[in-house]
Ligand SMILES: O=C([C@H](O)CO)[C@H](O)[C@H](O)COP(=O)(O)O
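The chain below stands alone, shown as C-alpha coordinates; this is the form predicted on its own.
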Amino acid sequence: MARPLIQLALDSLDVNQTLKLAGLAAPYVDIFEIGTPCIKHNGVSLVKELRKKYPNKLILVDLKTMDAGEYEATPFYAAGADICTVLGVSGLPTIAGVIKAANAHNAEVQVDLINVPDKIACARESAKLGAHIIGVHTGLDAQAAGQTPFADLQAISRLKLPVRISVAGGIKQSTVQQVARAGANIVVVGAAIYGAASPADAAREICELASAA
(Lines give C-alpha, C1' and ligand atoms only; values in the text may rest on other atoms or scores of the structure.)
Protein backbone atom coordinates (compact mmCIF):
# COMPACT_ATOMS: atom_id res chain seq x y z
CA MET A 1 0.00 0.00 0.00
CA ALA A 2 1.33 3.43 -0.92
CA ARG A 3 2.07 5.83 1.88
CA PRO A 4 -0.82 8.20 2.51
CA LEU A 5 -0.16 11.84 1.75
CA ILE A 6 0.59 13.95 4.81
CA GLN A 7 -1.37 17.20 5.00
CA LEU A 8 -0.28 19.91 7.41
CA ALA A 9 -3.03 22.14 8.77
CA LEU A 10 -1.77 25.72 8.88
CA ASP A 11 -4.17 27.27 11.37
CA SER A 12 -2.37 30.35 12.67
CA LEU A 13 -3.83 33.74 11.77
CA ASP A 14 -0.30 35.18 11.62
CA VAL A 15 1.20 35.03 8.12
CA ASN A 16 4.78 34.98 9.33
CA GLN A 17 4.10 32.10 11.71
CA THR A 18 2.29 30.26 8.94
CA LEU A 19 5.17 30.64 6.49
CA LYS A 20 7.74 29.69 9.15
CA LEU A 21 5.86 26.49 10.01
CA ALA A 22 5.48 25.63 6.34
CA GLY A 23 9.21 26.01 5.86
CA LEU A 24 10.04 23.77 8.82
CA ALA A 25 7.68 20.98 7.77
CA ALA A 26 8.07 21.21 3.99
CA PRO A 27 10.53 18.31 3.59
CA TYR A 28 8.10 15.90 5.24
CA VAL A 29 4.60 16.90 4.13
CA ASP A 30 2.81 16.67 0.80
CA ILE A 31 -0.07 19.11 1.20
CA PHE A 32 -0.22 22.51 2.83
CA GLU A 33 -3.72 23.17 4.14
CA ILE A 34 -4.61 26.81 4.68
CA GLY A 35 -7.06 26.31 7.53
CA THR A 36 -10.45 27.98 7.64
CA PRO A 37 -9.61 30.69 10.24
CA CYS A 38 -6.33 31.35 8.43
CA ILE A 39 -7.88 31.78 4.99
CA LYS A 40 -10.70 33.94 6.36
CA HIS A 41 -8.16 36.20 8.04
CA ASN A 42 -5.53 36.38 5.31
CA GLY A 43 -7.41 35.78 2.07
CA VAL A 44 -6.27 34.85 -1.39
CA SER A 45 -2.89 36.57 -1.05
CA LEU A 46 -1.65 33.76 1.21
CA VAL A 47 -2.55 31.20 -1.45
CA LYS A 48 -0.47 33.12 -3.96
CA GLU A 49 2.48 33.39 -1.57
CA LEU A 50 2.52 29.70 -0.72
CA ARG A 51 2.15 28.81 -4.39
CA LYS A 52 5.16 30.96 -5.24
CA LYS A 53 7.32 29.57 -2.42
CA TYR A 54 6.33 25.93 -2.87
CA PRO A 55 5.51 25.23 -6.52
CA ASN A 56 5.83 21.47 -6.01
CA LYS A 57 3.55 21.16 -2.99
CA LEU A 58 -0.19 20.66 -3.13
CA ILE A 59 -2.16 23.50 -1.58
CA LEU A 60 -5.58 22.90 -0.05
CA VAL A 61 -7.74 25.87 0.85
CA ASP A 62 -10.20 24.91 3.56
CA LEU A 63 -13.01 27.20 2.48
CA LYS A 64 -15.76 25.00 3.91
CA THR A 65 -18.04 26.52 1.29
CA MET A 66 -21.72 26.52 2.25
CA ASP A 67 -23.31 28.41 -0.65
CA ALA A 68 -22.41 29.97 -4.01
CA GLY A 69 -19.96 27.16 -4.67
CA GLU A 70 -18.56 28.06 -8.06
CA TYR A 71 -18.43 31.79 -7.32
CA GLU A 72 -16.65 31.39 -4.00
CA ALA A 73 -14.12 28.76 -5.05
CA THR A 74 -13.09 30.18 -8.43
CA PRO A 75 -10.71 32.94 -7.21
CA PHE A 76 -8.87 30.51 -4.94
CA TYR A 77 -8.34 28.01 -7.74
CA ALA A 78 -7.22 30.86 -9.96
CA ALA A 79 -4.68 31.89 -7.29
CA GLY A 80 -3.10 28.45 -7.28
CA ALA A 81 -5.13 26.21 -4.98
CA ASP A 82 -5.00 22.54 -5.95
CA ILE A 83 -7.91 21.58 -3.70
CA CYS A 84 -10.78 23.53 -2.13
CA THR A 85 -13.23 22.18 0.40
CA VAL A 86 -17.00 22.34 0.34
CA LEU A 87 -19.28 21.26 3.16
CA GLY A 88 -21.32 18.13 2.59
CA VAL A 89 -24.21 19.79 4.42
CA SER A 90 -24.26 22.56 1.79
CA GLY A 91 -26.25 20.37 -0.58
CA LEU A 92 -25.59 18.87 -3.98
CA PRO A 93 -26.02 22.06 -6.09
CA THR A 94 -23.32 23.86 -4.08
CA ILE A 95 -21.01 20.85 -4.23
CA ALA A 96 -21.57 20.69 -7.99
CA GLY A 97 -20.63 24.36 -8.29
CA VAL A 98 -17.27 23.85 -6.59
CA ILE A 99 -16.64 20.79 -8.77
CA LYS A 100 -17.33 22.93 -11.85
CA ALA A 101 -14.81 25.54 -10.67
CA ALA A 102 -12.23 22.85 -9.93
CA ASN A 103 -12.62 21.23 -13.33
CA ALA A 104 -12.17 24.60 -15.03
CA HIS A 105 -8.77 24.95 -13.32
CA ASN A 106 -7.63 21.32 -13.58
CA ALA A 107 -7.94 21.10 -9.79
CA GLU A 108 -9.79 19.02 -7.19
CA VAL A 109 -12.64 19.23 -4.70
CA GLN A 110 -12.84 17.80 -1.21
CA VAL A 111 -16.28 17.29 0.28
CA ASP A 112 -16.09 17.68 4.06
CA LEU A 113 -18.45 15.36 5.93
CA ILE A 114 -18.28 17.34 9.19
CA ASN A 115 -21.73 17.34 10.85
CA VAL A 116 -23.36 15.52 7.92
CA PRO A 117 -26.14 13.32 9.39
CA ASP A 118 -25.96 10.60 6.69
CA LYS A 119 -22.30 10.46 5.78
CA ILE A 120 -22.66 7.35 3.62
CA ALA A 121 -25.32 8.89 1.39
CA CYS A 122 -23.44 12.19 1.10
CA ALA A 123 -20.20 10.43 0.15
CA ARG A 124 -21.97 8.36 -2.52
CA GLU A 125 -23.79 11.33 -4.04
CA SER A 126 -20.68 13.50 -3.97
CA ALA A 127 -18.69 10.82 -5.76
CA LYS A 128 -21.41 10.58 -8.42
CA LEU A 129 -21.13 14.34 -8.98
CA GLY A 130 -17.40 14.01 -9.56
CA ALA A 131 -15.86 14.96 -6.23
CA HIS A 132 -12.25 13.87 -5.98
CA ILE A 133 -11.78 13.59 -2.21
CA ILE A 134 -14.11 12.77 0.67
CA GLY A 135 -13.05 14.35 3.94
CA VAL A 136 -13.82 12.43 7.13
CA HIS A 137 -13.53 15.19 9.69
CA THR A 138 -14.01 15.33 13.43
CA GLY A 139 -13.86 19.04 14.27
CA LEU A 140 -12.16 20.63 17.25
CA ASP A 141 -15.37 21.01 19.23
CA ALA A 142 -16.29 17.37 18.65
CA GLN A 143 -12.76 16.29 19.59
CA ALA A 144 -13.11 18.20 22.84
CA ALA A 145 -16.23 16.14 23.52
CA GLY A 146 -14.25 12.92 23.01
CA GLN A 147 -15.20 12.05 19.44
CA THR A 148 -12.75 10.56 16.91
CA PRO A 149 -12.94 10.02 13.11
CA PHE A 150 -12.02 6.32 13.11
CA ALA A 151 -15.46 4.71 12.85
CA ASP A 152 -16.55 7.09 10.09
CA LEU A 153 -13.29 6.46 8.23
CA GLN A 154 -13.86 2.73 8.28
CA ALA A 155 -17.45 3.13 7.08
CA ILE A 156 -16.51 5.38 4.16
CA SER A 157 -13.54 3.19 3.23
CA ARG A 158 -15.80 0.15 2.97
CA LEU A 159 -17.82 1.87 0.23
CA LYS A 160 -14.89 1.55 -2.22
CA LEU A 161 -15.87 4.76 -3.97
CA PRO A 162 -13.70 6.12 -6.82
CA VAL A 163 -12.37 8.92 -4.58
CA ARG A 164 -9.51 9.48 -2.19
CA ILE A 165 -10.32 9.62 1.51
CA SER A 166 -8.89 12.29 3.77
CA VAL A 167 -9.11 12.00 7.54
CA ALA A 168 -8.77 14.80 10.09
CA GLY A 169 -9.41 14.95 13.79
CA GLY A 170 -6.60 14.92 16.32
CA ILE A 171 -4.30 12.63 14.34
CA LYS A 172 -0.92 12.21 16.04
CA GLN A 173 2.06 9.89 16.17
CA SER A 174 0.17 7.22 18.12
CA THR A 175 -2.78 7.11 15.67
CA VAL A 176 -1.32 7.86 12.22
CA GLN A 177 -0.71 4.19 11.43
CA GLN A 178 -4.22 3.26 12.56
CA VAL A 179 -5.83 5.67 10.13
CA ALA A 180 -3.47 4.71 7.32
CA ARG A 181 -4.34 1.05 7.73
CA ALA A 182 -8.06 1.89 7.91
CA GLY A 183 -7.97 3.28 4.38
CA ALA A 184 -6.98 6.95 4.58
CA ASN A 185 -5.26 8.25 1.45
CA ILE A 186 -4.60 11.63 3.05
CA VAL A 187 -3.79 12.11 6.74
CA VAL A 188 -4.33 15.60 8.11
CA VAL A 189 -2.11 16.61 11.02
CA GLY A 190 -2.28 19.88 12.88
CA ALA A 191 -1.44 20.29 16.56
CA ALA A 192 0.80 17.22 16.64
CA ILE A 193 3.17 19.16 14.37
CA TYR A 194 2.60 22.84 15.08
CA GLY A 195 2.32 22.28 18.83
CA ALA A 196 5.50 20.21 19.05
CA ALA A 197 8.75 21.49 20.51
CA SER A 198 10.31 20.74 17.11
CA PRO A 199 7.72 20.85 14.34
CA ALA A 200 10.26 19.56 11.82
CA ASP A 201 11.04 16.49 13.95
CA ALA A 202 7.35 15.84 14.55
CA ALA A 203 6.57 16.06 10.83
CA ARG A 204 9.45 13.73 9.99
CA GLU A 205 8.31 11.20 12.60
CA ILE A 206 4.72 11.23 11.34
CA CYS A 207 5.92 10.78 7.76
CA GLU A 208 8.10 7.83 8.77
CA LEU A 209 5.28 6.21 10.76
CA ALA A 210 2.86 6.60 7.83
CA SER A 211 5.42 5.04 5.50
CA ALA A 212 5.75 2.03 7.79
CA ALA A 213 1.99 1.46 8.19
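We number the residues from 1 along the sequence you see. Not measured: the values here are computed from a predicted model.
Only in words, not in the display: the form predicted in complex with this ligand, which the text now covers.
Stretch 170-178 is the contacting one of 170-178, 66-74, 151-159, 45-53, since its residues have non-hydrogen atoms within 4.5 Å of this ligand in the model of the complex.
A heavy atom within 4.5 Å of this ligand in the model of the complex is found for exactly one of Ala200, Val15, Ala22, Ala191: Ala191. Contact with this ligand in the model of the complex holds for none of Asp30, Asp82 and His132, as no heavy atom of theirs lies within 4.5 Å. In the model of the complex, this ligand lies farther than 4.5 Å from every heavy atom of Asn185. With a 4.5 Å cutoff on heavy atoms, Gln147 does not count as touching this ligand in the model of the complex; it lies far away.
Contact between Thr138 and this ligand in the model of the complex is found at the 4.5 Å heavy atom cutoff. Interface membership of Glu205, defined by any non-hydrogen atom within 4.5 Å of this ligand in the model of the complex, is ruled out. Applying a 4.5 Å heavy atom cutoff to this ligand in the model of the complex picks out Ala9, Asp11, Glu33, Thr36, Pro37 from 7-44, in order along the sequence.
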